[in-house]
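One chain comes next, on its own, written as structure tokens: the form predicted alone.
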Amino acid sequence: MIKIAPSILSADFANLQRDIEKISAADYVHVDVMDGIFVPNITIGIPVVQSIRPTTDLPLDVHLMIDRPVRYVEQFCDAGADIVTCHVEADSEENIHEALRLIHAKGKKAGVVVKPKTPAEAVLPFIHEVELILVMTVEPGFGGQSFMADMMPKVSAIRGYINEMNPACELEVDGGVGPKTYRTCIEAGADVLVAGSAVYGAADIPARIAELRG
């Protein structure tokens, strides 16, 4: 079954516990961490992850859009992240390998992320070390952007890599996912769909989550 990971970037930050409770029908809580360096925006960090951890039993899927994530992955694990994903573009290949090692040493799941302009083969050095690969279908940094359908061949290519080399790995798509685009993502091979405004902007959130599962 397709998993849904609503992004709390689209939640009301003054009522985060309430809005996380609203997505209890989902599979993951997607937490977008931005540092203003790797991406041109600043969102939330370690204290917020720590504070929301007790509010839900859902796994926290923490997407680090930060420079040199190896410096912070252990702290995010300690704060309560269940899955921590790092951008392959954010550091040297050696340091991304080390970040993945540190996440696993904390007993958590690790993943890598690729931006739209990054080719599919950029995930190959890490494919045997990850439980999740995330393909961005918008430029990372802001919510509410339009879906980039031209990323679907990349999703399909990575699906092929996963099937061949690490079948247990999940393939996640993030960016502009909603009622008009979710089927395209699933057909291309996605297992997990991140949706922010499409979920939190819905009149009936549980019904929207069910719809996005296909």
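Given the structure is predicted, the values throughout are model-derived calculations rather than measurements. Numbering starts at 1 and follows the sequence shown.
There is another form of this protein, the form predicted together with a small molecule, and it is not shown here; the text below is about that form.
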Exercise for review: Spell out, yes or no, whether the shortest heavy atom distance between I44 and the small molecule in the model of the complex is within 4.5 Å.
Suggested key: no
*asked:* Please tell me whether any heavy atom belonging to M136 falls inside 4.5 Å of a heavy atom of the small molecule, as the geometry stands in the model of the complex.
replied: yes
Within 4.5 Å, heavy atoms only: does I23 come near the small molecule in the model of the complex?
no
Mark P116 yes when one of its heavy atoms lies within 4.5 Å of a heavy atom of the small molecule in the model of the complex, and no otherwise.
no
Within 4.5 Å of the small molecule in the model of the complex, heavy atom basis, the matching stretch of 155-163, 66-74, 51-59, 172-180 is 172-180
